[in-house]
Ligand SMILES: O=C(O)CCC(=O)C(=O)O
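This document starts with one chain, in the form predicted on its own, laid out as structure tokens.
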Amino acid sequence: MNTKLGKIYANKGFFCPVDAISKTKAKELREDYEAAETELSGDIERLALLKAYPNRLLPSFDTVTRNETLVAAAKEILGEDILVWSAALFIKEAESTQIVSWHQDLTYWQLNDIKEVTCWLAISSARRKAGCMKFIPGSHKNRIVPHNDTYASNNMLSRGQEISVEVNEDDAVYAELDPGQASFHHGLLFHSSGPNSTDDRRIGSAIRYISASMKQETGEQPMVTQVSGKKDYGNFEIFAPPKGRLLEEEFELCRKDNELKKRLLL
């Protein structure tokens, strides 16, 4: 990483904001997702899959994972051959008390290396009052630190996972983003987010870019897409873009991958 952007990332463990798409395009993405929510109203299972796999169920979200600006930034960090491991949506409803506790992403995913970067793309406004992410600069230089499971009811993480060492909130940098902007952070970086005290939803897609050379420690092969390069190391099941919008065959792929991920995510 020889560029200014790469040097910032190596030193701090994150960089932002990155102007990825226009506010108009972000609005179109939001409208597409919220229209899908309406179409699936009452279907709890499919709504959950939609939130976890928007890039498989909505072609517009697959397209944004391939955005030239985002992929170029990921290549600065990971090199040429890049996969999308997931692109789940994180949504805090208006006036929500939901938070994400301080944690490190790579604690839970059973990947064999740290060649991963999370791109958090703001679909709606993600300012401080909306509960934007916050980072502890340089904390990615630690390895995995101990975490506790809190099971707090207002925690968006599955078990309320939380770093068990002291985190100095005074050191936190708020990654405020406008719709269409993105941040990139290292899988070992300490990060969290607070409640949404605004009158609008905070919607963001956490696009997990990984090097194609990575693999699951279990030997299993989750569903991925390739967004840069052509080298296939055979460690994942690489799929072409979705064939259409909210297709049953795509839901079935997501169901199978979701069951696999439940086994993988510690």
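None of the values given here were measured: they were computed from a predicted structure. Each residue number is its position in the shown sequence, starting from 1.
Keep in mind that the form predicted together with the named molecule is not shown, yet the notes after this line are about it.
Residues Asp62, Trp85 and Val224 are none of them found to lie within 4.5 Å of the named molecule in the model of the complex, as judged by heavy atom distances. Contact annotation for Arg202: at least one heavy atom lies within 4.5 Å of the named molecule in the model of the complex. Among heavy atoms of Leu70, none comes within 4.5 Å of the named molecule in the model of the complex. Mapping the unseen interface onto this chain, Met133 counts among the residues with a heavy atom inside 4.5 Å of the named molecule in the model of the complex. Contact between Arg208 and the named molecule in the model of the complex is found at the 4.5 Å heavy atom cutoff. Taking a 4.5 Å heavy atom cutoff to the named molecule in the model of the complex, the contacting residues in 84 to 100 are Phe90, Lys92, Val100.
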